[in-house]
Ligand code: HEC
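One chain follows as structure tokens, the form predicted alone.
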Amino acid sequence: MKIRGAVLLGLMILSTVAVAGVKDTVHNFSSSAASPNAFFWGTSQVCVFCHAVHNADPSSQALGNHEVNRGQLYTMYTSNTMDMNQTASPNEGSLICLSCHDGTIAVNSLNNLPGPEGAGTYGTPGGAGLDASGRLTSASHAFVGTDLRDDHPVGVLYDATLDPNFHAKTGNSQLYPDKLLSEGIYVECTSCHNPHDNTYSNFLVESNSGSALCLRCHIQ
């Protein structure tokens, strides 16, 4: 019982920390005050739009609760100056973001609804950034779409041996640039963005003053 109690307490603390970071940002879709352009009427839970404590997506590494279309086709970034290899489509560190931001899946399309209802949609869409089905529209500044040619490249297998203008990996996940890489090897959306914390605006993982974040990987 003591072990079980400790585990439950730990989950409660983690939940509190996560909500404390998200609840005042536009990723709090339960609040029209926090997210005036994309919110859902009749909801009160903050974390449920991305995470489920129980019955989460088994393929997710973060107790994922939002539908992800792994078969979605994207037009990837391309450039004759990019020397590193790129995958044919984004990996997990980008798919979790694109599952809302590409506009193909409703923001409230969840694998596991709170309570016994099962999979489906949660709440009624509100705000100018969503259509009637709960999908982000091109009118929203958060809309990325499926054409990624005008965005920072993702699905990049980071290998500084192929380009001397990048810092070499250290083999230590607590040091740069390794610290920023998704799954320890890829440049993905989560390399630069933390959806739980908007301290540095645009949900950046750290300050980009003086291009500091860019220079964690790029050599000036």
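All residue numbers are counted from 1 along the displayed sequence. Everything numeric here is computed off the predicted structure, so don't read it as measured data.
Keep in mind that the form predicted together with heme C is not shown, yet the notes after this line are about it.
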Q. Hey, in the model of the complex, is residue 113 touching heme C, heavy atoms inside 4.5 Å?
A. no
Original post:
Is residue 209 close enough to heme C in the model of the complex to count, meaning some heavy atom within 4.5 Å?
Top reply: no
| Does heme C come within 4.5 Å of any heavy atom of residue 121 in the model of the complex? | no
Q | in the model of the complex, residue 175 touching heme C (heavy atom, 4.5 Å) | A | no
Contacts from 197 to 218 to heme C in the model of the complex (any heavy atom within 4.5 Å), listed N to C, are 198, 202, 203, 204, 208, 213, 214, 217, 218
